[in-house]
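Next up is one chain by itself, shown in structure tokens, the form predicted on its own.
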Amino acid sequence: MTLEAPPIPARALPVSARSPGKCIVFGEHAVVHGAPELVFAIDLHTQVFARSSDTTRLNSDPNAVRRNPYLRTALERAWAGGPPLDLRAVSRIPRAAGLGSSAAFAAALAAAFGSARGGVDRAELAQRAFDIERDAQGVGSPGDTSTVVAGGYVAINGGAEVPLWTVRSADRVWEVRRVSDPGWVWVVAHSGIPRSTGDAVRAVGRRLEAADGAELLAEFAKVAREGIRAVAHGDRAGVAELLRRNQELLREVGVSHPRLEALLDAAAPAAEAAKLTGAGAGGSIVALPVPGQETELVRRLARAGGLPFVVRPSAGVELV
């Protein structure tokens, strides 16, 4: 995997772009409030194919622009004034699972549109993908979209190694940096319980307004900063302890779920540690397997009713 990905080149229509999903290791929710976050791009992908047409539609649905806020926002922000498009999208990323399906779709659309309009560099693409996702959801941070654009391990607002770019919203600035890949395999498992990122983010925001909210946010930030350092140094024992602490904090802010807890219990004998990943209140967990126990971990999660995937870091969004 090449970490220093090149710009998205110019291509005439038709054009096809493929984006990975993502997995948050540390810092979900707290990153929205300026705390650090560690995310990596996973080798489950969404691919978007765009060609000229007489009317804009997605997967043969002429009403998709009205029904799909991500598509509608992408067209408004990245294809304004452009001709109608016939769009096809296929994905291996479960929807509403906390694994970046919306970020991957937004980034693939932005990359395809950017290519058809003369090419786009990664920093600008990361900003566009974030704007699309945030406008569609109403809330959020650029961790997901920057990670699927960059590929590999990425830190948001964390003291990591190589600066990549800065992403801005009306009220906040996020610094995006590269983190070294320790070469680990992870396992993610979808609970089957769909969740709404926007609803979960707003609920956590209200929880952090409580009297102990500042203390909780500071602890989230501490765990994420230490987690970024531990991953960069390949410290599995340190990462495992911090994953457990991060899950305790996520329970404290109310975004765990009985199905997630059941998966965490099922994973325990074959995992060094595990936690929910993403917005929570459903969605997925991520587990760091005991070396050599990856297959057993997958079996345990499947028997517990999860949809497991063995995942590795992926390259960022690209034309295919």
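In this text, all values refer to a predicted model and were calculated from it rather than measured experimentally. Numbering starts at 1 and follows the sequence shown.
Although it is not shown, the form predicted in complex with (R)-mevalonate is what the next lines describe.
Only one of the listed residues (48, 260, 274, 31) places a non-hydrogen atom within 4.5 angstroms of (R)-mevalonate in the predicted bound form, and that residue is 31. Comment: (R)-mevalonate is not present in this chain, but in the predicted bound form one of 152, 158, 140, 94 has a heavy atom within 4.5 Å of it, namely 140. Heavy atoms of residue 279 reach within 4.5 Å of (R)-mevalonate in the predicted bound form, making it an interface residue. In the predicted bound form, residue 223 stays away from (R)-mevalonate, with no heavy atom inside 4.5 Å.
A residue is said to contact a partner when one of its heavy atoms sits within 4.5 Å of a partner heavy atom; residue 24 meets this definition for (R)-mevalonate in the predicted bound form. Among heavy atoms of residue 232, none comes within 4.5 Å of (R)-mevalonate in the predicted bound form. Comment: 141-149 is the region of 214-222, 141-149, 185-193, 72-80 lying near (R)-mevalonate in the predicted bound form, near meaning a non-hydrogen atom within 4.5 Å. With contact defined as any non-hydrogen atom lying within 4.5 angstroms of (R)-mevalonate in the predicted bound form, 201 is the only contacting residue in 201-221.
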